[in-house]
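What follows is a single chain, given as C-alpha cells, in the form predicted alone.
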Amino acid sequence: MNTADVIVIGGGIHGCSTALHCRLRGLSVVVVEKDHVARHASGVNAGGVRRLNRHPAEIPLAMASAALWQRIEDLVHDDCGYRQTGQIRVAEGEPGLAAIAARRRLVEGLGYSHEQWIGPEELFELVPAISRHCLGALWTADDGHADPTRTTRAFARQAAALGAEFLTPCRAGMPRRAGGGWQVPTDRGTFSGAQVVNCAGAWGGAVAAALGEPVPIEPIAPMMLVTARMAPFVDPVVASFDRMISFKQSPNGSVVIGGGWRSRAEPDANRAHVEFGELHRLIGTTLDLFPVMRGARIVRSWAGIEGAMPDAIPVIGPSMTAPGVIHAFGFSAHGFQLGPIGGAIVADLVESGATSLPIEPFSIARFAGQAWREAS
C-alpha cells in the first residue's frame, strides 16, 4: 500500500500547482494523471493571464494570482514564457459600448480600478493594426499571456524536484473511505492518504458524483488555431465585447487565435474534434478585426477538453459529503491565470481547513438540492 498526505487526481495546471504548494508546506503528495501533464485544457488553451472581464467572484483570486505571476520564475524556476503585454477588449458597435459601460459600473462599484476605458485614438495607438470600425475598449495594462504547456510542466517539474510523485499515465478510480482517511485505486496499485484533491477537470464531476454530490458539469472542447510566423504587428492580447475572439501574437511571430469557439468533446473516449465550420466563422471575425491577417497561413488547429459549469465559475473548496476531499475543477475555459493561486488555496485548505481568500461563491454546495434546479 502506497501512502501520502495528499493524493491529487489530475495533472493539469491546478493539480500541478496544488502539488507544488503542498510540498512547499512539507506535505507528501502523489499526483495521479490518466494521460500526461498538461494533456487537455491546461496545455491547449490560449495562455491568457488576465484579470480583465473576470466574473466578479473571481476578481479577488485573479488579483492574488497576478501577484504570483509577477514572481513566477522564483516560484517554478522558469519564466513560463510570461509576457506582460496588457489585454484589451474592444467595442465594435453600440452593444459593445453598452457592455463596457455596464462593466465599468460593476467593477468600479466593487472598488477595483484595473480595467481602464480607452477611446479610439488610444486604442489605435496601442494596436495600430486593428480595424478602424472599433469604438474603444477596456484595457488592463499589466495583464498578459504565458505558454500554457510550459507553465503546467514547470509547476510539475518543480513539485517533483521537491519530492512530489507523479504517476503518468495512470488512471485513478473513485476515492473510497478507509478508516480515517482515503484510498484511491489506480492501475498502478491503491494509494492511501489523509486527503484527496479532485483536480480532474472535465472528469471532476464524475469524482464528485461518486462522493454523493453530483454537479451539472458540461464537457466542452474550446478550439484554437495558430498561424505561421508573421512580422510583429500587435503586442496586447485582444478580445471583443461584440464577438467571440481572443487574439495574440507570440514572441516568435506566430498568431494564436481562439475565444471560446467550441467543438465536440468526447470525454469517455478521451478526445475532442475540431469543427472546421466554426473555425471558418472565427477566421471571418479575425479578418474583420485585423485586415493584416488576409495574408496569414494557418498551420495548426486543435481542441482540448474542459469542464464548464452552468454559472461559468469553478468549484473550489471542501466536499460537503466527504470530509478530507477538496474540489478544484470546472474552470469553464478560463482557469489558466488562476492556476498559481488555485494551488495555494487548496494547500491552505489541506493544511488548515481555511484560506484567507473569499472562496464561498465557488462552493459545491451551490448545486445541492432542488434550489439550483429551479434557478437554472
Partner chain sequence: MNARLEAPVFDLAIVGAGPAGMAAAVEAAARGLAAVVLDEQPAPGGQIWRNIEASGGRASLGGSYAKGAAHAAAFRAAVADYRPGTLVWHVETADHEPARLWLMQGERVGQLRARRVLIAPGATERPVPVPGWTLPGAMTVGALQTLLKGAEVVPSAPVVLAGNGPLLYLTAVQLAACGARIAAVLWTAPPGAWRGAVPHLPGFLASGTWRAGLGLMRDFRALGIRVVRDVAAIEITGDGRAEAVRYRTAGGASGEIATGLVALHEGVIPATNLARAIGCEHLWDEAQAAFRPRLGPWGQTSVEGVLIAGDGGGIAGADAAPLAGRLAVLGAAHALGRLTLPERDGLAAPLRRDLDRILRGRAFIDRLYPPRLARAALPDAVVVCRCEEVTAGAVRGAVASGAQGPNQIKAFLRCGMGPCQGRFCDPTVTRLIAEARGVPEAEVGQFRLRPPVKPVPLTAFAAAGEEVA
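This is a predicted model, so every value here is computed, not measured. Residue numbers count along the first chain shown, from 1.
Just so you know, the form predicted in complex with its partner chain exists too; it's not on screen, but the next bit is about it.
Undergrad: Going by a heavy atom distance of 4.5 Å, is G277 a contact of its partner chain in the predicted bound form?
TA: Because a heavy atom of G277 falls inside 4.5 Å of its partner chain in the predicted bound form, the answer is yes.
Undergrad: Contact between L126 and its partner chain in the predicted bound form at 4.5 Å, heavy atoms?
TA: Contact check for L126: no, nothing within 4.5 Å of its partner chain in the predicted bound form.
Undergrad: Even though the partner isn't displayed, in the predicted bound form is L289 close enough to its partner chain, meaning a heavy atom within 4.5 Å?
TA: It does not: once its partner chain is placed as it appears in the predicted bound form, L289 has no heavy atom within 4.5 Å of it.
Undergrad: R39 near its partner chain in the predicted bound form, any heavy atom under 4.5 Å?
TA: Output for R39 is yes: heavy atoms within 4.5 Å of its partner chain.
Undergrad: State the residue from T85, S131, T186, T149 whose non-hydrogen atoms include one within 4.5 Å of its partner chain in the predicted bound form.
TA: Contact residue from the list: T149.
Undergrad: Out of A101, L162, M174, I298, which one falls within 4.5 Å of its partner chain in the predicted bound form, going by heavy atoms?
TA: Contact check passes for I298.
Undergrad: Can we say H21, R105 and L110 each have a non-hydrogen atom within 4.5 Å of its partner chain in the predicted bound form?
TA: Not a single residue of the candidate spot has a heavy atom within 4.5 Å of its partner chain in the predicted bound form.
Undergrad: Just one of 132 to 140, 248 to 256, 211 to 219, 74 to 82 has residues with a heavy atom within 4.5 Å of its partner chain in the predicted bound form, so point it out.
TA: Of the options given, it is 248 to 256.
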